[in-house]
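Next up: a single chain in structure tokens, the form predicted on its own.
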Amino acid sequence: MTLDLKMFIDGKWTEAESGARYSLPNPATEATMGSAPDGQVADLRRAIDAARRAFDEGPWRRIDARDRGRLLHQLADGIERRKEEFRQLLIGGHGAEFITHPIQLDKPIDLLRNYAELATRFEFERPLPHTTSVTAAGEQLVSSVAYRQPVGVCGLIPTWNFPLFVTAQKIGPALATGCTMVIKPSPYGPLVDLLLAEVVEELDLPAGVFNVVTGQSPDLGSELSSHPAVDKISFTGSVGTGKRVMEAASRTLKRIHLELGGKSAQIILDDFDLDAGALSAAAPSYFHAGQGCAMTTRVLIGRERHDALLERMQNFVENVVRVGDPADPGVFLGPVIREERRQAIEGYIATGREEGATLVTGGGRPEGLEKGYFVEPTIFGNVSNLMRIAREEIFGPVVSVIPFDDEADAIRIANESSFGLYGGILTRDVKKGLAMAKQIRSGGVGINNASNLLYAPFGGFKESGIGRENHVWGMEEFTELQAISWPA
């Protein structure tokens, strides 16, 4: 599957004003997957102008919310019809193994349907208790409502690792609340959003509501974040880039949502079976080659069981985790997205060795895979939480196993991080797990690998971000709250 798609601006397909395009490799084979327009600031400004007109002058934000919900259902239907095209693009362009497809492909459709339903029952208007106010004519009874308006023109900057899922989490509530948008995909993976625009084109959506601008220039993100006609930025990506987005957005005090990095801890309590613990510690950490912000890449285990856990994790990695091209349904771990990312991961592995951690398995490039950006699944043991490999987000298939002395020490280690996106607790005592979870400073905690990707709020504490996505919390992020009062 090779795609050479155009940008989608103001309801029309267009090349970059310069005519330039850039190629996109398959990270498993290094063959060309397709190409995208290499847009520049002038192209982005055209899209922003279109979104501004569509919001200020068009009908979109004024139509009944039920009609917006209907269009979201149609969007989900359109993705369903072209599901196999999206699947092949996710495999070939993003290295998405089949084990990831429920999140990569099925869950985005569920998210859009959920936002379609929310559009019809979200509390856009809440009556408030009556009160009195004093005027020149005397005291009068006052009625009031809290009204949620759409926030306006939204700059949406999704990331490349779960591209359809992340984009759905942004466009779902943006469309449901009546916003217009400009999507600026990661230069690593723009084709999913351009294919999505083909589905959108089939809908009865006013021109300018949905725009996609692609390109490699960092000026695009800076311009979108700082442009005065953009009312809100929603960014998913690294902490460093998030800080630059926030700085640029501060120039116009626009609303901002940031879903950033993580260094999540999985705490294995002494009552939890070690065989199950090894599976639960290793498998999620190598999901999508470790390229996920919420993955529990710090594994915390009681000191006395540390070596026994390492032995079991090593056995799982060396005998179960199959590395290769994700086009093969039997592959568990595919490539990382680009060569520069592989080199950065290898740099962290070298640092772990230098810092004195024990390299248990992996650490190199898999044999027999000369093409593609592959890294061996890697385990470090005897890791101190002060080491770089335990403190910085590696975003690759590298796990650090850290011993703790007792449960209080485990909580301390889990919280001793500049991040606070996610965490996990493995225990036979769910009541204890719940009590511990409330002491962990992260946006989410999964006990015994439980997760809720459809209804629970998602976002982080500390440097893991600002704001929340999903369900009603995602809807609220795309609205401004207005008070309206009148004489009763």
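In this text the structure is predicted, and so the values were computed from the model without any measurement. Note that residue numbering follows the sequence shown and begins at 1.
In what follows, reference is made to the form predicted in complex with a small molecule, a form of this protein that is not presented.
A.B. asks: Using the partner position in the model of the complex, report whether Lys107 sits within 4.5 Å of the small molecule, counting heavy atoms only.
C.D. replies: Close contact is absent here: in the model of the complex, Lys107 is far from the small molecule, nothing within 4.5 Å, heavy atoms only.
A.B. asks: Using the partner position in the model of the complex, report whether Lys254 sits within 4.5 Å of the small molecule, counting heavy atoms only.
C.D. replies: Close contact is absent here: in the model of the complex, Lys254 is far from the small molecule, nothing within 4.5 Å, heavy atoms only.
A.B. asks: Given that the partner is absent here, does Gly178 sit within 4.5 Å of the small molecule in the model of the complex, heavy atoms only?
C.D. replies: Taking the distances in the model of the complex, the answer for Gly178 is no, it never comes within 4.5 Å of the small molecule.
A.B. asks: Although the small molecule is absent from this view, report whether Tyr422 comes within 4.5 Å of it in the model of the complex, heavy atoms only.
C.D. replies: Outside the cut-off, so no.
A.B. asks: Just one stretch in 312-320, 87-95, 296-304, 182-190 has heavy atoms within 4.5 Å of the small molecule in the model of the complex, so which one is it?
C.D. replies: Looking at the partner contacts, the answer comes out as 182-190.
A.B. asks: With the small molecule left out of view, choose which of Gly152, Gly381, Gly362, Gly221 has a non-hydrogen atom within 4.5 angstroms of it in the model of the complex.
C.D. replies: Among Gly152, Gly381, Gly362, Gly221, a heavy atom within 4.5 Å of the small molecule in the model of the complex occurs only for Gly221.
A.B. asks: Only one of Leu333, Val375, Val230, Val245 gets a heavy atom within 4.5 Å of the small molecule in the model of the complex. Which one?
C.D. replies: Contact with the small molecule in the model of the complex is made by Val245 alone.
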